[in-house]
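First, one chain by itself in structure tokens, the form predicted alone.
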């Protein structure tokens, strides 16, 4: 029986997307991929420093009083603002929706997932980062979830395996096997 904690509201696209993203991370871990946390580390560092700045400004204000703390509070608020702008820019322009980066056998992959409002399609972009070889595909969430809201791992695992194989496999070995890739490549 499926774990009741993993039940997803089938009417909520963010819940479906997040559950699918989490399942892909677990699938890749079982396939021998080692997750690279560089993007997450920078995000955490920016958030952590922002909280430290806010806590230091509030603590200083508490101990010395508002009037004495005004200059320090102004600096703290300004620094907090700058750090949060950097945080937002990092998420929008660097991460760009990347939820997974990992490596296996010297091949590094990056995976971006998106959904569009009112569309039950899960869009995935897998990129082999050293060659910039990319493969995009979309599937309906109904392919990965049963009618009760539990994820069905096998179809998702087969789909992600095919996408990753299309970007990490050498073109010469793909032609030798006679494989045809109908996915959009960049």
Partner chain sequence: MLPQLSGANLRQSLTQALNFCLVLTTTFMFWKGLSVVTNSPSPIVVVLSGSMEPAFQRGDILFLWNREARVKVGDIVVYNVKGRDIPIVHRVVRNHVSSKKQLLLTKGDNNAMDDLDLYAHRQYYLDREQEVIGSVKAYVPWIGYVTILLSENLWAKYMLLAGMGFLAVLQRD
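Positions refer to the first chain, counted from 1. Everything numeric here is computed off the predicted structure, so don't read it as measured data.
Just so you know, the form predicted together with its partner chain exists too; it's not on screen, but the next bit is about it.
With its partner chain left out of view, the stretch that reaches within 4.5 Å of it through heavy atoms in the predicted complex is, among 139 to 147, 122 to 130, 154 to 162, 23 to 31, 23 to 31.
Residue contact check for residue 90: none of its heavy atoms lie within 4.5 Å of its partner chain in the predicted complex. Mapping the unseen interface onto this chain, residue 44 counts among the residues with a heavy atom inside 4.5 Å of its partner chain in the predicted complex.
Although the partner is absent here, residue 73 sits close enough that one of its heavy atoms falls within 4.5 Å of its partner chain in the predicted complex. Among residues of the shown chain, residue 135 is not one whose heavy atoms approach its partner chain to within 4.5 Å in the predicted complex. Residues are counted as partner-facing when one of their heavy atoms sits within 4.5 Å of its partner chain in the predicted complex; in 78 to 92 these are 80, 84, 87, in sequence order.
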